[in-house]
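Coming up are structure 1 and structure 2: the same protein chain in two forms, each one given alone as structure tokens.
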Structure 1
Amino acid sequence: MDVVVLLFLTSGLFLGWSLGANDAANVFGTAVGTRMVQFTTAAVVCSIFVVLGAVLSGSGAAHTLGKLGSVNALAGSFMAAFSAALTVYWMTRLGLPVSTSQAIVGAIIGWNLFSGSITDTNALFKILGTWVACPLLAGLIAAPLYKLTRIFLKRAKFHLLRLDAYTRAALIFAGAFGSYSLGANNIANVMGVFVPVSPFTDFNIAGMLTFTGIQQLFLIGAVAIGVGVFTYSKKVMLTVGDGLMPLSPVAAWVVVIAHSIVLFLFASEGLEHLLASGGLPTIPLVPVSSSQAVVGAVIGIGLLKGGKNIQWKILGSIGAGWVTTPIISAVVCFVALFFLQNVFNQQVYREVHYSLMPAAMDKAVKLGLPAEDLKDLESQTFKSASKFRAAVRKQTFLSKPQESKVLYYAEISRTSITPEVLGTIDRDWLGEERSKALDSLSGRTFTYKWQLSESLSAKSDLWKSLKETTANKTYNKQIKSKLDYLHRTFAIDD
């Protein structure tokens, strides 16, 4: 692997380290703060299960983060991750349990502004919604769970020594579950910006197991998280575990369990598939803030007790950190990208061109879009999504869905289905029938993404997305993932 690639990946490792230093407090802070679990034990358990969660279940939340903005150059990914890591590091130095999710979202928006890319408002509002829902949900889970646990322990009448032993074991178990959930949900924050430009390739282990390039990327990020846990997390653990509100060992266990459930709900592809198959509303797979989850759980228990022991001043400082984190990260990223591009001469983004060529104009007519209003833009080429959108808005008024369609059909993404590259594709993952449909396009070149998608759909129904319903959500996501794989694999330069 190129040394430059490794150098750029170091910012992801720095962000992973920062997350481990800060967010491990959300898993074991209450246990360490109440002196029920030693810091060394907490660090070992946390590190092991963070790695497992990241590698085995980390892909779900990364998908939504990628929709917010697709950082398409390695140097840009480096700076987005570095800006988020620097912001989290500053907050960690202050002892504040800030949100790594907010930091990376701010950094991606900073990159979008610098590159002229359009921030997906649907994805952004979905993420912002979880920032509100996450602490509320954690508090709603923690309060009744604490009440039920107290009732159970009162009726069980355990001996104090036995209760102490059970509580320590329960805290370690809860910490392991929380660490797994943290890895599964928050690895998207650490390495999500590198997914579109991942330098790793899939490889088979003993012909039985495929270790994907994304899993390799998540593995090194998870290891960095583990290093952060060991080297710098103790101060923040004590802030969460004792500073916000004094917690009993039982309350500490409830906080970790409530926090872990929330993170798991927003990261589990299996749960999403189960709900979708039953025709039920699904929970968005979003990298939520573990800091917000644990603070919400603590406040939930505090309010149940009357709110007298809550340190509102500390809560105010934490809240201020949550508000300022994405803003600081976005500004740092924007300014740093300017220096990286103009001082160090690095390509921090690849221009994505947009053009309403005849094929795209014909598509607009078929879709009932106001093609006549866009006639003056035909065959003009725009070097960014924001410039193209501004030109469209000068010509006509479009609703948000119409605007999204025009942007999609005008985006140039050249692909060439060459026999040489066809021999390298992962046919097991694509499936036999889909692979045959792709083989039938050998030698063809496409200008737009939708042209490749429609050509494949004409060859096989298995390449078609199903009508948008809750039950079909998971299947359509799989189709999109396979199409994205083809666009990356067969992409050619303009």
Structure 2
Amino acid sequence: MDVVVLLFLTSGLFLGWSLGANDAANVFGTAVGTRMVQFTTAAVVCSIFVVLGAVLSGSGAAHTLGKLGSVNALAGSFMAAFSAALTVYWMTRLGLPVSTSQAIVGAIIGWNLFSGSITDTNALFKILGTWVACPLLAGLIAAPLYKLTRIFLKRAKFHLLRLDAYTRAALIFAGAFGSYSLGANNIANVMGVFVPVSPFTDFNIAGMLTFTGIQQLFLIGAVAIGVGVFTYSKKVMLTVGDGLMPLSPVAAWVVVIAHSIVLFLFASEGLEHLLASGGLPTIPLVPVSSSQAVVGAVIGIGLLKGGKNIQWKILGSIGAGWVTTPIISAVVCFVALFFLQNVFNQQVYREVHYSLMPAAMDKAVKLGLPAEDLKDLESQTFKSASKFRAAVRKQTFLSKPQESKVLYYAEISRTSITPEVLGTIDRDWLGEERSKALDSLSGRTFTYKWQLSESLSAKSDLWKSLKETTANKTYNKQIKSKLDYLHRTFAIDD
């Protein structure tokens, strides 16, 4: 792999390291701080389960982050992650509460503004909603769980020492679950911005298991988190113990479980699929802040006890963090991208051009879009999504979904299916029938992404996406990632 690629990945690793140093303390802080669990035990368990969570379940939350804005040049990803890391580091130094989730969202918006990309407001509101929901949900889980645990312990009448031994074991299990959830939910913060530009390719292990490029990327990020845990988290763990409210080891266990459940809920694709197949409403898969989940859980328990011991000021600072962190991070990212592009001459984004060529106009007519109103824009090329959208808005009024469709059908992404490149593709991962369909397109070139996917769909049903329901989301995501792979592999310059 190119050394430059590795160099650019370092900012993600830095962010991962700081996440490991800070957020591992949320999972094992009370246990280690109160000496219920040894630091080494905590660090080993935490690292192993963070890696497992990131590699096995990390893609759900990364997908939502990817929707917010697709950083399409490695130098841009580097700066987004670096700005987020810098914001986290700086705010931590100032003693302000900060979350990597909020910092990275701000950085992506900063990149969107700089590159003229459009921030998906639906995805943004989905993310903002979960930030409020995360501590609330943690509190709502922690309070009844604490009550139930107390009732159980009252009935069980364990000897003080037996209770101590059981609590230790429970803290380790809860910590393992917490670390898994942390890895699954927060790896998106660390490596999410590198997903669209991932330098890794998928490979098969003994023809049985595919280790995708994204999983490889997440593995590296998770290892960086592990390094953060081992090298720096002890300090944080020992101070986190009595930060918000004095907690007994049993209450600490409740906090860790509540935090882990919340992070897991916002990361589990399996659960989403299960809920959807049962016709139940699903939980959005979004990276949330583990610190805020912990604070929510502690406050939930505090309120149950009458709310006397809670430091209410902390709630105010969390609210302030929701606003200040993304703004600071977005500004830092914007300014830093400017320097990286103009002073260091790096390509921080790849220009995505938009044009309504005849093929796209035909498509617009077929879809019932007001093509007549867009006639003036035909064959004009726009250098960014925001410029194209502004031109469209000047011509006609479109509803949000119509606007998204026009943007999708006008996005230029040239591909050429050449026999040379066909010889290098990962056929095991694509599957036999899909590969055959692709082979039949040999020699053809496409201007738009949708042209390639429609041509493939015409050749084989296996290239077709299913109806957009939550139950079909996983399948459609697989199709999309395969198409993304083809777009990357067969891409040609304008």
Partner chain sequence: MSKSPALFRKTRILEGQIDEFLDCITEAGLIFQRAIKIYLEQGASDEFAASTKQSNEIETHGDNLRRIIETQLYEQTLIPDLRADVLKLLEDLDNLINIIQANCYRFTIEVPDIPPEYHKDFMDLTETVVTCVDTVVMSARAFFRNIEAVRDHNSKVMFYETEADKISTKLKTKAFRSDLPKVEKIHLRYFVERIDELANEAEDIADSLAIFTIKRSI
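These figures come from a predicted structure and were not determined experimentally. So that the term is clear: the rigid core is the largest set of C-alpha atoms that superpose within 1.5 Å between two forms. Sequence positions of structure 1, starting at 1, serve as the residue numbers.
The form predicted in complex with its partner chain corresponds to structure 2; structure 1 is the other form.
If you fit the rigid core between the two structures, you'll see the Cα of Phe230 move by 2 angstroms or more.
With the core held fixed between the two structures, Gln38 has its Cα displaced by at least 2 Å.
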